[in-house]
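Shown below, as structure tokens, is a lone chain in the form predicted alone; questions about how it binds or moves come after it.
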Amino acid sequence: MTMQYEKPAELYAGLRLHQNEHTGGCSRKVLQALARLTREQIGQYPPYATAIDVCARHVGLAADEVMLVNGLDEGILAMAIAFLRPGSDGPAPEAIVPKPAFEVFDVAVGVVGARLVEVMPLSDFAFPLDGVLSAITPRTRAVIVTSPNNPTGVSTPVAAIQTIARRVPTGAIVFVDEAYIDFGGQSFVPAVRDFPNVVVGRTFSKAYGLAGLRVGLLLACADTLRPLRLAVPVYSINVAATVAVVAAIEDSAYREDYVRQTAASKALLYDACARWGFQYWPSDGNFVLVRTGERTKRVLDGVNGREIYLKDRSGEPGCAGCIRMTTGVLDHTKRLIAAIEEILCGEP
């Protein structure tokens, strides 16, 4: 049974298919949990034990192998602070980032003064393992991998991450961004105890609809998390987020429905792209990267005029003429496809 989602709140006019959010919003059980918050709870600094325990059981780890963060963005910045700050002398630490990638990686590396080492994509966006291994030097302090990748939707093999973890210098880490793992791909989490130099990042912004509350996880061996815990404020997660994440995890039916709708939405968009003659990459995320080529501006302008917003990724390596389209709630995807059909049918 497909759940019905309400029209997006008037606060955010239009259909936001450019941020990979859950455009249906959060579970009603999350709203009910938030409504039960008391004046006293809001007036006190938040306790984290219950949220951590629920998250730990959810991912199959111990409580000390789980760290709550204020959205995965904070986790990425904490990684940079903990592992990439330059010393008093010598060359800057290096962070390897296969491209294309989430923009926040570059920002975090730059803000702490480390050196960004980019690995260019292969033509099919398969993970460039050889390129990453060739880029490793004694100055490498982090390799940042996204699986499934944003914006391509292509997953990284766990074996490739394991190979990298064995090859990086002592003291370096491999950071695995699994923001979209709920929709496809193989998680690295079951292997973290065997690889103490790997940190996995998760978010509740995508499949759980909690983007506005900013809550994510870092998952690693307890010793690996210690320097990361020192890199974030003591109470960076607010009490509403701690209550919401528990309710979101417990409402598994809501998450599973969205995952099913995402799969159906992607299938619809794949079929539409085939009709339109657009190249696309099968995606393990809740989005699809579509090469619209010379029609990119026409499509973007046309959907914007209909208050549907997509992400132009043309400036990313390997993504010339590409648009990333969120494909979650089925009705929203149907609206997107109908709009593009209308735009293309109006071509001279």
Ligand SMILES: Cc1ncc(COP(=O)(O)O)c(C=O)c1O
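Everything quoted here is computed from the prediction, not taken from an experiment. Note that residue numbering follows the sequence shown and begins at 1.
Heads up, the form predicted together with this ligand isn't pictured, but that's what we're talking about next.
J.: Counting any non-hydrogen atom inside 4.5 Å, which residue from 155, 203, 265, 242 sits next to this ligand in the predicted bound form?
T.: Looking at the other structure, the residue within range turns out to be 203.
J.: Only one of 185, 100, 71, 93 gets a heavy atom within 4.5 Å of this ligand in the predicted bound form. Which one?
T.: In short, 71.
J.: Is residue 255 close enough to touch this ligand in the predicted bound form, meaning at least one heavy atom pair within 4.5 Å?
T.: Close contact is absent here: in the predicted bound form, residue 255 is far from this ligand, nothing within 4.5 Å, heavy atoms only.
J.: Spell out, yes or no, whether the shortest heavy atom distance between residue 214 and this ligand in the predicted bound form is within 4.5 Å.
T.: Yes.
J.: So in the predicted bound form, does any heavy atom of residue 150 sit within 4.5 Å of this ligand?
T.: Within the cut-off, so yes.
J.: Check residue 172 for me: does it contact this ligand in the predicted bound form (non-hydrogen atoms, 4.5 angstroms)?
T.: Residue 172: no, not in contact with this ligand in the predicted bound form.
J.: Where, among 175 to 183, 188 to 196, 221 to 229, 132 to 140, do residues come within 4.5 Å of this ligand in the predicted bound form by heavy atom distance?
T.: Of the options, only 175 to 183 has residues within 4.5 Å of the partner.
J.: Going through 305 to 337 from first to last, which residues have a non-hydrogen atom within 4.5 Å of this ligand in the predicted bound form?
T.: Nothing in this stretch is in contact.
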